[in-house]
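Next comes just one chain, in structure tokens: the form predicted on its own.
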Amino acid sequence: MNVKKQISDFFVERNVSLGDNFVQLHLYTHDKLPEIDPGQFVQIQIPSSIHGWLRIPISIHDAEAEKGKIKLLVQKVGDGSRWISSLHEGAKLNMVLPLGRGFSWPEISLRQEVEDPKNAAFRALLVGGGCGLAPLYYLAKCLEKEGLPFDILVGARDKERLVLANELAEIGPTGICTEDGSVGIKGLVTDHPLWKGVAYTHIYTCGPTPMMKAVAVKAKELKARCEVSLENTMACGLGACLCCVTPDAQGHNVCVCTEGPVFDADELGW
């Protein structure tokens, strides 16, 4: 989707703590919002005394554009994100949105209702961990709205670092992996039995790069299309500063902020 970007003031409706390291910001604006794709992101203005003059990119966690509302999942990893995480009800954030290329799924003509999931024309597996779950949450809501079948797989190092698992389980079937076995299956997301139970046609993933690379390998084994959402460092969000470039499969550099952050895994020089 190619829509005009806009700069809008948003206001904090709620700030919900999700453990020690994450908060979920519920935001609203009085401006009319364009349609927002899952996988797109915002650039947030931070006080120059905290983060210089550059904005901070954060994935859109949920959106109700017709109501002027979005949600952000914020991890406290630096001064800028900690400042955002500390905002209370009524606080104002200036943001540029919607930015980047989001996830895709088949047109209605390609859908097929079948009882046997192994013969489905479309069945997706959403795989993520940490802040990577933010765009996958919105993607799951969109797939549910479209009536497309999907499962969700959440990974974390341990119980304390597990976020959004309960919220995702309210949308669709959700499996959990923790490296220490404190919740769900012990091991990595690629070890979960979900991979063996269904012949997925589409895999969507976002999270740490090693995890996404391993998921892309599993997807290739299944002959499934795999879309990955990269989390490269960004400054401008508009393709001007070139600090977010990544090599593609042809050896050329592409801007993650404009040509991504979502890519077909086969497009990348992994």
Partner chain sequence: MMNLRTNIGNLELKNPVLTASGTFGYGVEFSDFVNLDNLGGFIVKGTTGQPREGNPYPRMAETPLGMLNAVGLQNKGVDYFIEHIIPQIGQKRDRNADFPARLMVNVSGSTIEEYVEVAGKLATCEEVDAIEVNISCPNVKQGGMAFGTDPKMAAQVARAVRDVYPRCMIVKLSPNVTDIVAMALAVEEAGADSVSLINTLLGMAVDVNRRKPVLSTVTGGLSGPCVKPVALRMVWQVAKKVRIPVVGIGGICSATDALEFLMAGASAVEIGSANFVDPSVTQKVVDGLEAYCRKEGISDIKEIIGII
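Bear in mind that the values here come from a model prediction, so they are computed numbers and not experimental data. Residue numbers count along the first chain shown, from 1.
What comes next is about the form predicted in complex with the partner chain, which does not appear here.
> Quick one: in the predicted complex, does every one of 49, 54 and 96 get a heavy atom within 4.5 Å of the partner chain?
Every listed residue reaches the partner chain in the predicted complex, so yes.
> Which listed residue (216, 235, 224, 36) meets the criterion of a heavy atom within 4.5 Å of the partner chain in the predicted complex?
Of 216, 235, 224, 36, the residue with a heavy atom within 4.5 Å of the partner chain in the predicted complex is 235.
> Does the 4.5 Å heavy atom contact test between residue 65 and the partner chain in the predicted complex come out positive?
The answer is no: residue 65 has no heavy atom within 4.5 Å of the partner chain.
> I'd like to know whether residue 45 contacts the partner chain in the predicted complex, with contact meaning heavy atoms within 4.5 angstroms.
Within the cut-off, so yes.
> Should residue 244 be counted as a contact of the partner chain in the predicted complex, where contact means heavy atoms within 4.5 Å?
Flag for residue 244 set to yes.
> To test your reading of this chain, name the stretch in 66-74, 205-213, 225-233, 26-34 whose heavy atoms come within 4.5 Å of the partner chain in the predicted complex.
Contact-bearing stretch, as computed: 225-233.
> Within 245-270, which residues come within 4.5 Å of the partner chain in the predicted complex, counting heavy atoms only?
Contacting residues: 245, 251, 252, 253.
> So the C-alpha spacing of residue 20 and residue 52 changes by 3 Å or more in the predicted complex; is that change toward closer or farther than shown?
Compared with this form, residue 20 and residue 52 lie closer in the predicted complex.
> Where do residue 51 and residue 238 end up in the predicted complex, Cα atoms closer or farther than shown, with a change of 3 Å or more?
Farther, not closer.
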